[in-house]
Every structure is written in structure tokens, then in C-alpha cells.
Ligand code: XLS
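Take a look at this one chain, the form predicted on its own, written out in C-alpha cells.
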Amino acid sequence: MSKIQFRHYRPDEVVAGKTMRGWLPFSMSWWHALGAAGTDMFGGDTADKSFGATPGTMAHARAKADFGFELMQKLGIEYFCFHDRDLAPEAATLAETNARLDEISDYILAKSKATGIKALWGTANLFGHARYMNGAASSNSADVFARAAASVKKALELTVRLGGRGYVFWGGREGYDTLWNTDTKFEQENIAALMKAAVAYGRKIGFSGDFYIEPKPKEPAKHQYDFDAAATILFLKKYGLGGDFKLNIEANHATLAGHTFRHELRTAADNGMLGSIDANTGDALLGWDTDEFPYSVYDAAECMYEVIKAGGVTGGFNFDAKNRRASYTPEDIETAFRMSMDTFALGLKKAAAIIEDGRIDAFVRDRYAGYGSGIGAKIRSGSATLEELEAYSLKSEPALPGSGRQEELLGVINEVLFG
């Protein structure tokens, strides 16, 4: 089995005081790499993801694992992410479904021990089955809530067994399509209740990693409760979950929320909640979650600037990305991963160069220099009263606050990135 050759990704190369492998714990998404076959709303599969077995069978589940581990070994990827339904098909009963998951996790665990490749994070698919049409934890049905909780329990067990560093909640249908039939406060209280139960059980069975919420504003629900990083952080703090949860930030979800990827990373980091990253990109001309492999070095450099400043992530960089419908060969899968791994490696080096150059950070420090002494220092300490601030302002009119020099700074970035 020949290894993939990279142009920029060197796992042991030290950048900004840490190896590339340390900054960039790359992960393969089981659902896209081994499942997505090109179907869209206008046509069926173009790629053959049967891997020589009949889809929907346990033989197919094992064949996917065989291909996935071979792919990860060739790429030097040390982690994978999964939903329970990615690993094995759902059966007629919960007991049989769990038995299938036990069977396939035995198979995957053996491969994990042989290769050193582990789970980055796991999750339960609480959106695909018809029972979740009105949400899972937010469902109007207590029976559906209970089934969702049972699935979370099993997915947590699988995550621990497969060495997962995190566990993700993605509320794909935890939201609403119309407020006329929805009690939003009731539903969010139930979501929090499930998350609290998951934390309690996870800690009970030895899960010591972070729980994550992956913000997304819409699709499939018209409005999802985890709209963006800010809304998610507010939810976590309101319900007392901030100590166990961080955020899993996805680039394409950020743009759907009307933000940049960097904005969501910064918001999470500012609140001490930057946990893990779903590395992908969307299409600016399309208004849905296209989950494309990331290719922009500029975007990657912005991302890695935030990551370096935050000291890294507790999770990793999961390629929640799929090949385009016309890129349907196994070679296309390898090429996509290689291209994106190189993109982030180059982005890491460029981000480190921006920080080492120093002009950006120096400008930002100088821009707020007025808060270092005098009335500015009192404002920052919280000791300045409105009366005192009025008295200060009565003495003179404030000058304009100084140019933001945005164009100059963008030129600096271009100079560092492109010479």
C-alpha cells in the first residue's frame, strides 16, 4: 500500500512551536468518505460505494471499514468521525440494532488496535429516520425522546470503546418550521435535559473528553436552535452546560448563518469554547450545505490564525466533505483529501508567518492603546462611573478614533501570503 505524497503537509514539521500533526489532527468522516455516492435532489448515485458488498448488510459495513482504514493509512490520517448509522444499518428493533453496532465495533476496534487509528468523535443520527420528523430531544413525542436518548447512550458507549476524544450533538431537526405549532421554551428545556443526561452517563462510563454542539442555522429545519456560535453559547450557559461542552465549528454552517468561518471560530475562542472543527467549504452562489472539500489557502490561513491564537483545538479537523457528483472514482477521494490536507498545512504555515511578521498584531494593540492609562484604564477596570465619564467629556470633544487602515492591513496579509 503506497502512501500519498503531499506538497505541504509534513506531520513532524514544527510550525509555531508544535508539529503539524499536533496542530492538525485530521479526521475522515465515515458518512461522506464511505457513504456519499453523488445523489442529489435531481439524480441518483454516480459513485460506487458498495466496496464489493451488498449495501444495507453487515458485509457492507465491514467492507466500508476495510476501505476506510486503508484510505486513512495511505493518507496518514489518525482519526475518524462517525454517526451510529454510518457504522451499521438500523434493524427492525433497538435490540437488534445495538447488536449490529456491537458486531461492527468489534471489527473496527481490531483494526484500530492494529493501526493506531482511533475515533475523533462519535454521535447518534437523530435526524434521518421518520420518527425524528419533529426533532429528537425537541420532539412533541415522549416516546421519540426516549428512543433518541437510547441512541445517544449507545453512541456514547461506541465512542468510548473506539477511543473518541469527543462526542457531538448536531441538532439537524432540533428546531421548527412554524411557530404556530411550537413551544420553543419547552423544546429547548428538553434538549438541555437530554444533554445533561448524556453528560452524566458519559462520565459514569469513563468518557473524559469534551461534549460538542455543532451550530447550524437551518436545513433541514427552517430555524434550528443552535443557530450559530453565539446562540449556542448562550444556550449552554443558560442551562449550566458550559463546563462540559465546547463547540464543533463547521465552515459551511458559518456561511449559512451569515457569518464567516473565522467569525465563528473567534466567537467560540473568545468564550473558551473552541473545541473541534469540521473542515469543509460551501459555494457562495448556492444557499445550502454543499460540504465541499476546502481548497482556499486564504480561508485556511484565517482559520489557522485563530487556532494558533487559541492554542489549538481539543478535538481535531474532521473533513466533513464529499466529492462533487462528477468526481466519482476512488482516486478522486484520495485526491480530495490530499488537496485539503495540503491546503490546511499551507494555511498553518502562512498563519504562523502572519503572526511572526507582527504588523497585524502590533496594529491591533496600538489601536486600543488609549485604554492603557488614564480614563481608558478606569473604563477597563470597571470603576468609571457615568458621572465621572461625563465630567471627563465636558472638558473637550473627542478626536476621531483613528483610521482602521483596513486596506493597508489587507495588503499586509496579501504580502505575507503571496509575496
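Numbers follow the displayed sequence, beginning with 1. Because the structure is predicted, anything quoted here is derived from the model rather than measured.
What comes next is about the form predicted in complex with D-xylose (XLS), which does not appear here.
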What is the one choice in Asp332, Asp289, Asp299, Glu189 with a heavy atom within 4.5 Å of D-xylose (XLS) in the model of the complex?
Asp289
Identify which of Arg173, Lys349, His263, His83 has a heavy atom within 4.5 Å of D-xylose (XLS) in the model of the complex; exactly one of them does.
His83
Which one, 146-154, 97-105, 208-216, 302-310, holds residues whose non-hydrogen atoms are within 4.5 Å of D-xylose (XLS) in the model of the complex?
208-216
If you check in the model of the complex, is Trp121 within 4.5 Å of D-xylose (XLS), heavy atoms only?
yes
How about Trp31 - does it come within 4.5 Å of D-xylose (XLS) in the model of the complex, if we only consider non-hydrogen atoms?
yes
Look up in the model of the complex whether Phe127 has a non-hydrogen atom within 4.5 angstroms of D-xylose (XLS), and give yes or no.
yes
Given a 4.5 Å distance limit between heavy atoms, list every residue of 239-265 close to D-xylose (XLS) in the model of the complex, or none if there are none.
Glu250, His253
